[in-house]
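One chain comes next, on its own, written out as structure tokens in the form predicted on its own.
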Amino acid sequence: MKLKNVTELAKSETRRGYDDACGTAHGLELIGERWALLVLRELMLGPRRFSDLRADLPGISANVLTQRLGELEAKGLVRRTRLPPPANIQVYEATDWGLEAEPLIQTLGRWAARSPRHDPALPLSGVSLMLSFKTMIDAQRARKIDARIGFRFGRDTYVARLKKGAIKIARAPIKDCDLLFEGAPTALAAVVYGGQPLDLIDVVGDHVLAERFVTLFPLPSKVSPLDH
């Protein structure tokens, strides 16, 4: 009986709002549940299958993923759809409103990267790495580069357009790229953010461009002990 009461209380706390008119409070009611923001993050670059989401969020259970997708759908942030033939499979995609959360994800990521406890060597998904490039790009370093850069992580492919110090990234077939990175997102992250050698990942195409590219995303400085 005691365990039942605790469980019911926990469910009640989950359903309960903050009773606060601040938009930040309501934002937390929308995406503050554990895993919710990360599920939405994985949909920022296009529709995903349930199995793909599960693979790129290895710490989440199938039941919790199902629950979070249902909640995000009910809140108008995610919708279910079906890819046209020949794929003809059910996928989840962010709504237009859901996609508006991308700057929030980027700002939170950049802010949190200043924590001394942040470990860039931990696993991360291809979508997460691509969003990190959009977040951490140093426009001054990149301003003279004009290139199309491809990324292949298993069956997932992305293409980045780098021009005038800005980077745009989309999930797309590898075509007409000056450079292609192939391997695991974690390996490329280790090169870009961890200072590991470039040969940790396969490079096809312009190696000089590859050497420049991996230097374009400096992490922000960590907070000092006096700051916290």
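Everything numeric here is computed off the predicted structure, so don't read it as measured data. From 1 onward, residues are counted along the sequence shown.
Separately, the form predicted together with a further copy of the same chain exists; it is not shown, and the next lines address it.
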property	result
Partner contact for residue 150 in the predicted bound form: a further copy of the same chain, 4.5 angstroms, heavy atom	no
Contact flag, residue 164 vs a further copy of the same chain in the predicted bound form, heavy atom cut 4.5 Å	no
Residue 143, heavy atom within 4.5 angstroms of a further copy of the same chain in the predicted bound form	no
Interface membership of residue 157, a further copy of the same chain in the predicted bound form, 4.5 Å heavy atom rule	no
Full three-residue contact with a further copy of the same chain in the predicted bound form, heavy atom 4.5 Å, for 24, 108 and 112	yes
Within 86-100, the residues that have a heavy atom no more than 4.5 Å from a further copy of the same chain in the predicted bound form	95, 97, 100
